[in-house]
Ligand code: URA
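The data below hold one chain only, encoded as structure tokens and taken in the form predicted alone.
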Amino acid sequence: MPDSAHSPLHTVDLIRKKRDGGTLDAREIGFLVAGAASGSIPLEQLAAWLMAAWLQGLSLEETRALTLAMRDSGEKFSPTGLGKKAVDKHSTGGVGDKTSFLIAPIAAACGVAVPMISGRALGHTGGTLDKLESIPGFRTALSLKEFEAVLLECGASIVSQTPRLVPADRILYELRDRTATVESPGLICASILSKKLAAGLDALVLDVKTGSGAFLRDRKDSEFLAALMVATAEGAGTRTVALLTDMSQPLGAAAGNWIELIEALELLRGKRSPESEDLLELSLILAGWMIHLGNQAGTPKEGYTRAQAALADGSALKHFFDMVKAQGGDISAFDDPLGFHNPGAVEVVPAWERGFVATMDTTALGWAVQRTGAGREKAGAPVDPDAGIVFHARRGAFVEKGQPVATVYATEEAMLPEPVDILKQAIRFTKTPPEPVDLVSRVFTRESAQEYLRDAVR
């Protein structure tokens, strides 16, 4: 009989196997990943396998195999020459999530190297790279040599994947966005961790969203993803912690591209507003964990205190500007950031009822932001740096009828009605205030993640 471990593999057989509920082994997963990276497997077959994986789910073993195969599908970055611990943060995606612009310079100011490989807009969420590229001249496509040079000079660098870094993920990431296969714990885990592990990180802090704006809205799904990513990354030798954080409303006030940078910059400059308090608090908590895992603080709480100090003394702001300049960005745009903002059309949306802001369908609000021109409908399409939405009322706020609840910035006048209509359907008012929601509801370490998964898979 033929040796099945060495028999030829055929993509259609693997699609059928997954479609019918089978479990692929590491060799079969590796075959698919290699075919994605090399282009030898047609996109329609990769799309079919992604849909089969989305429908049937991936086992823990399949997820680990997929993560490692994708990590090893191209070149890797080694941070050993940086002379300090390399720690990164990654969010599973949210609306208005701009913590990277605060966390990276804060952690760098506290002696941690932050090699951050980020992505573009995916589904209803914005992309860190798209936001940074609204800065004139800012380059996200650096070679690994340039990446290392910026890290040595500034302590932090936020870049895109190089063509040879995790090439399989670049193909599969775009396909998932176009084939409605984003919301899969195994696929999300492998996509995120393959890029992070290819950066040679010493430690990783994961911000796993839950609530109406998360890719995985159900709390149990979010908990499973958090535990899965911690266990997978720890199994690959990277110290990892995951925080389950609230996405039942946009994070901070702004959702878009340039307007998110404006909000982050105001906080870096020490200016605070009630609408940005959740953004500030979450950024300090995440940075505190990064500083702790980077051996620059004995506990996450001490790391939080150091992060506060880096904001207060201006060192985080300096590291942000240093990074922008090192990557070709023109920091003069920040001299008058509101004046630099030049949207094609603007509409202020007044409250249509009197009462407390009770619920916000944040996924719908994310699509509203995308419809302004701030996001993209297909891979490679341009985004409008000036489009987006600024929210003036948070969950629990009391508003009078006619009081502004949001300002919508669109590429052109004709694009205003759709996001405004979505916004009006996504926000609900009540006569009594809603119950408060914890910003961080759970933390997964290696031990708690392993315990959770043991119970989850029984």
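Since the structure is predicted, the reported quantities are computational estimates derived from the model, not experimental observations. Residues carry their position along the shown sequence, with the first being 1.
From this point on, the text means the form predicted together with this ligand, which you will not see here.
Looking at S134, T140, S191, S73, which is the one with a non-hydrogen atom within 4.5 Å of this ligand in the model of the complex? Spelling it out, the residue with a heavy atom inside the cut-off is S191.
Which one, R306, H292, H90, K85, lies within 4.5 Å of this ligand in the model of the complex by heavy atoms? Result of the distance check: H90.
Determine whether any heavy atom of W258 comes within 4.5 Å of a heavy atom of this ligand in the model of the complex, and answer yes or no. No - in the model of the complex, heavy atoms of W258 and this ligand never come within 4.5 Å of each other.
Would you check, heavy atoms only and a 4.5 Å threshold, whether K195 touches this ligand in the model of the complex? Within the cut-off, so yes.
So, in the model of the complex, is H319 in contact with this ligand at a 4.5 angstroms heavy atom limit? No, H319 sits far enough from this ligand in the model of the complex that none of its heavy atoms falls within 4.5 Å.
Answer yes if any heavy atom of R176 is within 4.5 Å of a heavy atom of this ligand in the model of the complex; otherwise answer no. Result yes; R176 sits at the interface with this ligand in the model of the complex.
For the chain seen here without its partner, which of 150-158, 346-354, 90-98, 307-315 has a heavy atom within 4.5 Å of this ligand in the model of the complex? It is 90-98 that comes within 4.5 Å of the partner.
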